[in-house]
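For reference, the chain that follows is the form predicted alone, supplied as structure tokens.
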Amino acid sequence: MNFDDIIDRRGTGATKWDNMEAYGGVSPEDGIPMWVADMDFRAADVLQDAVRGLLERANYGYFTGDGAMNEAIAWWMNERHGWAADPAHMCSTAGLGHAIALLLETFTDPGDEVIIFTPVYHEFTHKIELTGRVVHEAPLVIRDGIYHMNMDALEAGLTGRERMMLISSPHNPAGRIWTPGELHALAEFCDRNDLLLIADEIHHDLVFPGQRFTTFLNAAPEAVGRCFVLTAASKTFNTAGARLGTVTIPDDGMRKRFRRALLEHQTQPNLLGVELTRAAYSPRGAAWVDELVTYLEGNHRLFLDGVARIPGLQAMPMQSTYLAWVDFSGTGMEMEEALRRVHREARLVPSVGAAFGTGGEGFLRFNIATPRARVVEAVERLQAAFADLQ
């Protein structure tokens, strides 16, 4: 796979490109979108072959469901992550955003508080608020240049109205991989405070060489009675348009409740999503991912080295994902001015850090899952936009 190939996605309906001007005021004609968590690489051959198989079938009617896909998912989780996931515990949803919303509606009540570790993926807050629940922020602290959870502060600030915890693992933004010890501590905290826990593990395959990800249930098997694990091929293989995710629920009672909610909403897996996921979670898909993460890690090193040359900017070192997290507070500028330079002078559109909650105010998130030539150009544009700081 040649990840250096430039694909022109302008005018194709790609959110990242065709909505960048509405979001950041920068035209796709001369701008580089670095906001939506979507990769600019050509789809893996194994996915293209799956789509060709659908075309040759020439029929898109009712199908037998997600059983074969769940077997492929179980193979992948065991092969890639050492997690003996049971296909019988899996439930298909219309993407993981849908999964989070439906879990909130099924297992909590309006007004209940949901703990999130901020700054974190902004859709966590949106889903909690849209379902009438209350966000309980637990701000992360930076120590040795990376994020850590402050469990003492969280425990001291509990109100008694908390019902659920929602974590991003690996963490988005900045790609922090939580250690088995940290995950086990979360399980103990949730048990002590009678909390359910959703582990959003959508980025778990995008782990840089030399790093190791541990799925929550391997770190804390005792949490099977209060845990939901969210996975999908969508970030790893860039298939978000297929709108398909998986919720693994080991507890029989909670799984029955969730499947009842799926039935009430008439939610069923879609044919394209099932076929793409089955194809992705295969030996051919694994070989492609191995190439991908090596390439992403190279982009990460290049981006961090380039940002480090700009006085006042500091990029947090990443262990996974493709979502770089850059602190602009050292420039002494108001974020409005820093963002003006990034948009108007560098012609880049990253995600605005304030949307990720407390602790994100001085940051911007840059998506580096794009051909390396674009990462090089983005770095050069940033350096030029802040050249007066040299």
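As the structure is a prediction and not an experimental result, all values here were calculated from the model. Residue indices: 1-based, along the sequence shown.
The discussion below concerns the form predicted in complex with a small molecule, not included here.
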property: The small molecule contact at F124 in the predicted bound form, heavy atom, 4.5 Å; result: yes
property: Exercise: I202 in contact with the small molecule in the predicted bound form, heavy atom 4.5 Å; result: yes
property: Any non-hydrogen atom of S168 within 4.5 angstroms of the small molecule in the predicted bound form; result: yes
property: Interface membership of L103, the small molecule in the predicted bound form, 4.5 Å heavy atom rule; result: no
property: Proximity to the small molecule in the predicted bound form, single hit among R243, R163, R133, R80 (heavy atom within 4.5 Å); result: R243
property: Residue among L96, A174, I73, L217 with a heavy atom within 4.5 Å of the small molecule in the predicted bound form; result: L96
property: Partner-facing stretch of 144-152, 88-96, 279-287, 262-270, counted where any non-hydrogen atom is within 4.5 angstroms of the small molecule in the predicted bound form; result: 88-96
